[in-house]
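Single chain ahead, written as structure tokens, the form predicted alone.
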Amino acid sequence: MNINITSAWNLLKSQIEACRKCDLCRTRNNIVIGDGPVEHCKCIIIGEAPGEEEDLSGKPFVGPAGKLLTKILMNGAGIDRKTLYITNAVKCRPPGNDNPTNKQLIACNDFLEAQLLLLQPSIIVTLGNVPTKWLLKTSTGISSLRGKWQKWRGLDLLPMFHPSYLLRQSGEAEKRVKQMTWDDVKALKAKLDELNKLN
């Protein structure tokens, strides 16, 4: 990362850490900016918002859903999550792990846009309804969009189920949703392999 990008990234971090643009600043323990390589970032994964464990640790996807995400990436396609940048559409935990409101998404949008601009990924993965609908500006749900590559400002975007959704499934539904998720993560791996061949 060159010196100008480094200083821009550090400035962005300080702005996020000082943010008081919405009501979540009153209830958060930590702002969860993101985690992963900021140089040569090929893929960014965007979730909805931090949960309880993320709020306490300041790191994204470290709770049960995060552990499942790590397992899905590695076991499903041999992808080490440390090679991806992982963040959320909203950087502070909504009380009770509620979905972020439009007001909260708007408050955080400049930060997400800045992260995307500085990281310059080739692939975006959105997990669940919230980031998928927000970025694609659509009312279509994740069940219809998952696994179908989209374009976002010229970048490849792959919507996937949020791992917390998988944790809520059981029986035949669980098998079906898991299989769809394995298919999606394999499609992600194929796209990453294409990029690696080009570079």
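Nothing here was measured: the structure is a model prediction, and the numbers come from that model. Start at 1 with the first residue shown and count on from there.
Omitted from view is the form predicted in complex with a small molecule, to which the following refers.
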4.5 Å heavy atom contact, Pro94 and the small molecule in the predicted complex:
no
May I ask you to state whether Ala65 is within 4.5 Å of the small molecule in the predicted complex, using heavy atom distances?
yes
Gly128 near the small molecule in the predicted complex, any heavy atom under 4.5 Å?
yes
Using 4.5 Å between non-hydrogen atoms, is Gly51 touching the small molecule in the predicted complex?
yes
Location of the small molecule contact in the predicted complex, chosen stretch of 128 to 136, 22 to 30, 149 to 157, 37 to 45 [non-hydrogen atom, 4.5 Å]
128 to 136
